[in-house]
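As structure tokens, one chain now follows by itself in the form predicted on its own.
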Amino acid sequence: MSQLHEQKWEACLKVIKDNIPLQAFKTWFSPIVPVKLEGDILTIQVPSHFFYEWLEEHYIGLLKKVIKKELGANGRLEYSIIMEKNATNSTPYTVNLPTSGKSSLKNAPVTVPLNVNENEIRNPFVIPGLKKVNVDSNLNPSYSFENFVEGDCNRLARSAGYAVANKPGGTAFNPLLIYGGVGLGKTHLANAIGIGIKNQFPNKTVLYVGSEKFAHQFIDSIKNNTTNDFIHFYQMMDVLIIDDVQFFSGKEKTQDVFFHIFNHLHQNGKQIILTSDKPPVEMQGMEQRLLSRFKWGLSADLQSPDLETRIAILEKKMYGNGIDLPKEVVEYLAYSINTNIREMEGALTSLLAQASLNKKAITLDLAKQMIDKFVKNTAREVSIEYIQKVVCDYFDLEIEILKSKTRKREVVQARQIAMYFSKKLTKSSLANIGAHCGGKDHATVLHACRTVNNLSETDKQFKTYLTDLEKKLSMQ
């Protein structure tokens, strides 16, 4: 006699099977195991976090319907994920996750002015009626502070964001402008601040909006003669997050209306959070009066993460996905993609999908094939760290020894070769190359490059070293 949770899940599966293709059912629903039913909450076990995310993204609507059908209006679903470890003696454990946690991020309806009939003559001394408007925060629940890995590259921005989340509108960081290159976590951090505010101040109205969407809404309001409604709506926000504000560049009317919204919010103690790909001083095509206001608060930059931070980001994502990849695979991925966190996480997701769906063990060779294929169309600059790793592997040295002050001949030679290739293959300054090689100055780097050039012309064995290493680095 099957237990109640199995019966309920079996009934759910019958409905699901009739609503999706057979292959999709076999791939995404056959592996699921019902675990328990407590009250209105049915817990199901899925093979990995990747599996959970796929269900939440593609089948959450169907799942909610069948769960409510079988368990009633208050029926809910919870996931249990087996956390697999590579070590043979480790015991799998589970992490429980609810379905999409967007309900806590919803705003309460806000009251905005209601225009009277356009044909009527408006009396400027009569306040129009009011109406309640539901405002979707547009926050992504996956982009929380818990998922944001802190490092030297983002410490200032994260600390300022955390302070704003604890006291929105009540710190000197208003506006808070977060800037940095593509894929470094600006959107993640902006969402994390919004989520932090909603968690602590549920009654505050938080709105995250991209600059392009803001501009399109403004254009629509001009077409529909509802510009006042547009302005009133944004002035009702307690926290306004504008992503990629640099796209306001050249749009004079959009900048003008945002200027007035900005002033209203700031004067009333509301929090403004902006993201951009560059600091205010480098923004072109922006009105000076707007740029001056961007500088009122704090401009915090996000830099490219160092190797240790990249590895920490990958390990955090791996833990969340319930898969433990070999150390050399993680290191290869961190070395290979060094300027774009989003691209690096995308490559990891491809690996996790391979492991989860094809039941394949991820080896270094397989990882190299997949990662190289993933980024083959991306122009990549070889990093100093990657060059040092290849050189150290070639000469069988530890990277710590390469960066040490030792004057042993074989270490000095390897260090000079690493400096030579760093100058040749990267855009880094001599001072930066020296800093990566144990705090050497630019004169030492120049001397190393001259020495390597001279030896390559007079020493055949040394010339072979350079040829071999150049081949390995070109395969990166």
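All residue numbers refer to positions in the sequence shown, first residue = 1. Here the structure is a predicted model, which means the values were calculated and not measured.
Beyond the structure shown, there is the form predicted in complex with a small molecule, which is absent from this document and is the topic of what follows.
Between the options V330, M237, I81, I313, the residue in contact with the small molecule in the predicted complex by a heavy atom within 4.5 angstroms is I313. Scanning F258, F173, Y143, F230 against the small molecule in the predicted complex with a 4.5 Å heavy atom cut-off leaves one residue, Y143. If you check the small molecule in the predicted complex, you find a heavy atom from every one of N147, N154 and T187 within 4.5 Å. Contact check for G183: a non-hydrogen atom falls within 4.5 Å of the small molecule in the predicted complex. Under a 4.5 angstroms non-hydrogen atom cutoff, the small molecule in the predicted complex has I341 among its neighbouring residues. In the predicted complex, the small molecule sits within 4.5 Å of a heavy atom belonging to E345. Only one of 175-183, 279-287, 67-75, 363-371 places residue heavy atoms within 4.5 angstroms of the small molecule in the predicted complex, namely 175-183.
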